[in-house]
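Have a look below at one chain only, the form predicted alone, in structure tokens format.
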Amino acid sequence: MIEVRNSDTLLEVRGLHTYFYTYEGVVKAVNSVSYRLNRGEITGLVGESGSGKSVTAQSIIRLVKAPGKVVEGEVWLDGQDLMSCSEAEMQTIRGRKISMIFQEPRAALNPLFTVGDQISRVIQLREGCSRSVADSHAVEMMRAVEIADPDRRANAYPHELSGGMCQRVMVAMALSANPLLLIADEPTTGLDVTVQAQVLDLIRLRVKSAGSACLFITHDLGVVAELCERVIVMYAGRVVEQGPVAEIFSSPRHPYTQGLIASTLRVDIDKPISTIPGTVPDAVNLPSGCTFHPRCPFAEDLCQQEEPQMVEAGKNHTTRCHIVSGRIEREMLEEAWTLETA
């Protein structure tokens, strides 16, 4: 059985490794990732493209495709070990206990069935209700995500809808299942601001009222600040910082988190936007030591030689940095990114 240290914990990921075996070498897309999601909470997962966010989500629901493979780690959902489940068991869990809003809605929707039929099937699977009841509920869910004329749109096929409309259908389908765990991978991509706010409110309401949990994957730190209670920051396949949103936004401890926040446009303060120099490293040839050291304005010799471990940075707040751990005696300045990149 899972070692329960917090009764509110719904999902626990422990030491997850997901690798892709390519001709160029082994891509360590997810490298020793650990975190928890609590009931009734929305947790943001942020990082640049290529940091491993989407692969982490695919690993949880066991949908990593070849040449990728989960090579190590544990995933526990409500006391159930998902890594030991058969594929038949996982097919039951997906849609009933876990729902996912995929980043590419057209690829996730079945082109051979109408969107209303696809939502209705999810409702029938979850509720065991009649087809007519499920169809009515499907239309109501489409109306909830601001799909105009849902009675007519329910009879449309995915190719007949815009990308933004397909994204709303995916949100409706995921929420129709009333899952224990909702994984939302860039769920507001392609949506206008008004619909985005509606979708975020709907996700918040469902998670809070059902006591479920949501892993919200996004590039938008503004959405994280508004929607989430906790945030996990990933870089080059690793978690580099995690903790309460308010604390991390007000006092980020990892240089990468500081850089992400410094590069976000804010209208409430008069401060120039900076950028993080360079790009996420090649996952086949990761830098030695701290993988962020080639882009870090604070890096010293130890950062190139030794990989930092996760250390406490506050209450329920951890980070992976030699400066925070005290291995390097240096102060991280909030203004460093502006000074370095001005």
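Note that residue numbering follows the sequence shown and begins at 1. This structure is a prediction, so every number in the text was calculated from the model and none was measured.
The same protein also has a form predicted in complex with a small molecule, omitted here; what follows describes it.
Colleague: Is Glu312 close enough to touch the small molecule in the model of the complex, meaning at least one heavy atom pair within 4.5 Å?
Modeller: Taking the distances in the model of the complex, the answer for Glu312 is no, it never comes within 4.5 Å of the small molecule.
Colleague: Is Val55 one of the residues lying within 4.5 Å of the small molecule in the model of the complex, judged by heavy atom distances?
Modeller: Result yes; Val55 sits at the interface with the small molecule in the model of the complex.
Colleague: With the partner left out here, check for me: in the model of the complex, does some heavy atom of Ala29 sit within 4.5 Å of the small molecule?
Modeller: Judged by the heavy-atom cut-off of 4.5 Å, Ala29 is in contact with the small molecule in the model of the complex.
Colleague: Is it the case that Thr22, even though its partner is missing from this view, gets within 4.5 Å of the small molecule in the model of the complex, heavy atoms only?
Modeller: Although the small molecule is absent here, Thr22 would touch it in the model of the complex, with heavy atoms inside 4.5 Å.
Colleague: Could you spot which one of Ile276, Val70, Val33, Ala283 gets a heavy atom to within 4.5 Å of the small molecule in the model of the complex?
Modeller: Contact residue from the list: Ala283.
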